[in-house]
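Just one chain follows, in the form predicted alone, and it is written as structure tokens.
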């Protein structure tokens, strides 16, 4: 019996069908699972936070490599199968929760692990939470050594894109760390088979970004109209007169006729510093606070759970 057939049989015997609404595609190839765990580079003293363990295809190899594994699974129907699969492992905590809502540092403490322990994230992510979850991981206070994720191939290519083909997603990831595409996965290694290829991406954090919220504010404005020049997108997105947008870009030594996808990460960081130094960020916060006090009832809450951009 193949591992794929075994997974189908176990799900069926438990009366469980893969849920498209949760983007569930279970890894069935054990050789691929072993390779992903090797690529994660886990050291014996490290803790792994696994997002979306499913029924444990990766988890059973992770527990052999890590000091402790915290497996976060949103689908409560899978928890009994996951517990059965890992019944012999003493170094695993299985948690039914939404990874977009949990406090990662608190999870370590609850598992009896020092919050300063070196951490690696591993996960198989559905498209609709990829960018929001990556930002939550990268902005956490944990000592993150790497993040190894299985995502749609198109998403992987956007994450690792270089200037000339950048997107809001690539900027948002590369501000915090270096991404690499490690391997490509055929639909045949999953059940049910997805319609597209997948890829394994590793993100290695390198520093904390100064003024991240301001940088993302600028990036959102810049990418809001991809075909337009920065002088136009920043003017519209930041509600600046075009003369101010031109001056801002000139001070940052960026040609106002360029488009957002051509900027490098150092250029985005420098633009952010200039924006802050010129006082635009403080003025915008002041205007926003005044507006919020007058129109608070009209402000809708953000829906980050379904966001595909940061």
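Just so it is clear, the structure is predicted and the values come from calculations on it, not from any experiment. Numbering follows the first chain given and starts at 1.
In what follows, reference is made to the form predicted in complex with ligand SAM, a form of this protein that is not presented.
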Students should find that, of 170, 235, 146, 124, the residue having a non-hydrogen atom no more than 4.5 angstroms from ligand SAM in the model of the complex is 124
Contact with ligand SAM in the model of the complex, heavy atom within 4.5 Å, among 134, 219, 78, 230 goes to 78
Counting only non-hydrogen atoms, the one stretch of 92-100, 161-169, 134-142, 105-113 within 4.5 angstroms of ligand SAM in the model of the complex is 92-100
- Any non-hydrogen atom of residue 26 within 4.5 angstroms of ligand SAM in the model of the complex: yes
query = Does the 4.5 Å heavy atom contact test between residue 42 and ligand SAM in the model of the complex come out positive?
reply = no
Open item on the list: With a cut-off of 4.5 Å between heavy atoms, is residue 183 one of the residues that contacts ligand SAM in the model of the complex?
Closed with: no
- Query: Using 4.5 Å between non-hydrogen atoms, is residue 58 touching ligand SAM in the model of the complex?
  - Reply: yes
Contacts from 59-90 to ligand SAM in the model of the complex (any heavy atom within 4.5 Å), listed N to C, are 72, 73, 74, 75, 78
